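A single chain, nothing else alongside it, follows as structure tokens in the form predicted on its own.
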Amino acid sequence: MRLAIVGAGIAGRLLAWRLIKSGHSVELYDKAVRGEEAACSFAAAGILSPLAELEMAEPDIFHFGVRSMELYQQWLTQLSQPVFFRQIGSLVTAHGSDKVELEHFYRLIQRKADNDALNDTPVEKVKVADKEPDLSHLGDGLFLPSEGQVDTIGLLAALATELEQSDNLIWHDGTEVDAVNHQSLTIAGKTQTFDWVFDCRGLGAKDELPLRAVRGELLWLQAPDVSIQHLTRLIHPRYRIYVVPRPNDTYIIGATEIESDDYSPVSVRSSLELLSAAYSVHRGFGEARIIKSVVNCRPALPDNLPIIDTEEGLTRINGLYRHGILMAPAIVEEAINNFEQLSQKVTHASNS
């Protein structure tokens, strides 16, 4: 079959890779020039925390996330270049005056997760110092042993390498798709036909779907005076901050979430909040260097849940919101399963 994918973010790249591994020929279209970090996937911290997300997300997000953790462990070994991946658990904590919020977090995820899920992915009450000695001042915390992280930029680069090396893929970068339809695309006023089209445009599909933009901001810090191994979330009544350790004394600080389609640089307010919170986690951040700031907008639907809409000749994947990296493998797996089942039915019906 001749397949087209529109959008080369995490969903589009994973989808293209898995389809060509299954023997399909794929044409990938993206408005960004190859090598640009335009997709919102590049602005993700790579947090793989399905259980922690239950605080504000629906159980569907949890289940997609748990399945994705399994798929990451399988799929990353199949890439020709290594991608940083670590599953050593995460910490959730709070300052003394905010411990009531931590207890609320604990009770909420206990209530929202079903019993079987919690048997497999427990939440442990711990002394933070037992996991991170440098953070002993934070006192009590929660440990989520099943959670992890992945280097998003490294993953996107590794997927690009796989796609570029494949004889079964044509990558049309710097190409604006005007319209996406069943079995066809309109590009520069001309229609091109395919056996199936996969729409992974994110906010580019806002004319067809009730999408809204949710702005996210990250700061990358070089902090040789900090030694934190675990992904650490700090709970605060007004915001949540996460500290994501990466190799070479690098840390990603984030958690801003603003209902806006503003792509301008990180604001002073956000910078102050993120850096002040990071400093309150570890004083070593006071001498850290800000090596990069990142802003992008993520596509969200009214219910903040993803869609995998499959009709004859067209599959739409969208609304991954702030869970794109967490859910992408499981979303792609389901989309491919739906596509294969429906296409087989269509083929069988046409032959009978």
Ligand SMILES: Cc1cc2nc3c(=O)[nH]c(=O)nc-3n(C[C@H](O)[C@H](O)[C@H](O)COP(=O)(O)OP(=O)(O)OC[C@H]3O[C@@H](n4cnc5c(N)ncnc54)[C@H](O)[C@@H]3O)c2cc1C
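Since this is a predicted model, take the numbers as computed values, not measurements. Residue indices: 1-based, along the sequence shown.
The same protein also exists as the form predicted in complex with this ligand; that form is not shown, yet it is the one meant from here on.
Visitor: In the predicted bound form, does Ala335 have a heavy atom within 4.5 Å of this ligand?
Guide: Contact check for Ala335: no, nothing within 4.5 Å of this ligand in the predicted bound form.
Visitor: May I ask you to state whether Gly46 is within 4.5 Å of this ligand in the predicted bound form, using heavy atom distances?
Guide: Yes.
Visitor: Evaluate Asn296 for contact with this ligand in the predicted bound form, applying a 4.5 angstroms cut-off between non-hydrogen atoms, and reply yes or no.
Guide: Answer yes; at least one heavy atom of Asn296 falls within 4.5 Å of this ligand in the predicted bound form.
Visitor: Classify Phe198 as contacting or not contacting this ligand in the predicted bound form by the rule of any non-hydrogen atom within 4.5 angstroms, answering yes or no.
Guide: Phe198 lies outside the contact set for this ligand.
Visitor: Go through Asp134, Glu217, Glu273, Glu162 and name the one with a heavy atom inside 4.5 Å of this ligand in the predicted bound form.
Guide: Contact residue from the list: Glu217.
Visitor: Which of these residues, Ala288, Leu54, Val26, Ile325, gets a heavy atom within 4.5 Å of this ligand in the predicted bound form?
Guide: That would be Ile325.
Visitor: Based on heavy atom distances of at most 4.5 Å to this ligand in the predicted bound form, which listed stretch, 221-229, 202-210, 124-132, 84-92, is the contact stretch?
Guide: Selected range: 202-210.
Visitor: For 14-45: residues with a non-hydrogen atom within 4.5 angstroms of this ligand in the predicted bound form?
Guide: Heavy-atom contacts within 4.5 Å come from Tyr29, Asp30, Lys31, Ala32, Ala39, Cys40, Ser41, Ala43, Ala44, Ala45.
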